[in-house]
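Presented below, as structure tokens, is a lone chain in the form predicted alone.
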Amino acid sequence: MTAAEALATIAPVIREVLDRPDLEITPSLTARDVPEWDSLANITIIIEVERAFAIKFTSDELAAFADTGAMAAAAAAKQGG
């Protein structure tokens, strides 16, 4: 799996959690870019992404997520990508 493929899986999760079906999800998107993306939404997004990929992120991985691209790359790596 590539990071782009992972992002395609992550995007609908973020849209659903934030209740923003129109939100454009790019690799450079951050929580600071979306007013609805608060700390509780962030935790929910992480949990739902872990469920979608049947993975668990480490605390070091979570700390390294600068943007959605980093999250997608980490999810892809855990999928063998």
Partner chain sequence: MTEGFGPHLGIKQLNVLHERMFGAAAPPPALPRSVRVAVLANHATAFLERGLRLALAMRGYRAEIYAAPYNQWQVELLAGDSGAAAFRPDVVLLTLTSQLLAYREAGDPEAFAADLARLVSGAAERLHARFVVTLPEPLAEEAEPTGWARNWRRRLLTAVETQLGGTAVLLDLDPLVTRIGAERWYAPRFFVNAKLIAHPDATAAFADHVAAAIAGSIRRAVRLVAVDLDDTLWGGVVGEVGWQGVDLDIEGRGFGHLRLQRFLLGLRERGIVLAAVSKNNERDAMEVFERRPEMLLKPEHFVEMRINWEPKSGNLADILDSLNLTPSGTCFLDDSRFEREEVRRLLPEVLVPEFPDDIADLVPALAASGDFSVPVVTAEDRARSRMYDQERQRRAARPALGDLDDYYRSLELQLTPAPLGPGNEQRVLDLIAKTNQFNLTGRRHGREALATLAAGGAEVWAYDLVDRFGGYGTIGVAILLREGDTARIDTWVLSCRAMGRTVESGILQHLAERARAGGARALVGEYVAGARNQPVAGLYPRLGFTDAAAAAESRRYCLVLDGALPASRFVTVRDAAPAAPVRRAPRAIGVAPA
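Residue numbers count along the first chain shown, from 1. This structure is a prediction, so every number in the text was calculated from the model and none was measured.
In what follows, reference is made to the form predicted in complex with its partner chain, a form of this protein that is not presented.
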- Task: Identify whether its partner chain in the model of the complex is within 4.5 Å of every residue in the set 6, 33 and 67, based on non-hydrogen atoms.
- Result: no
- Task: Evaluate residue 40 for contact with its partner chain in the model of the complex, applying a 4.5 angstroms cut-off between non-hydrogen atoms, and reply yes or no.
- Result: yes
- Message: When the contact criterion is heavy atoms within 4.5 Å, does residue 62 count as touching its partner chain in the model of the complex?
- Response: yes
- Message: Please tell me whether any heavy atom belonging to residue 47 falls inside 4.5 Å of a heavy atom of its partner chain, as the geometry stands in the model of the complex.
- Response: yes
- Message: My question is simply whether residue 16 lines the interface with its partner chain in the model of the complex - judged by any non-hydrogen atom within 4.5 Å.
- Response: yes
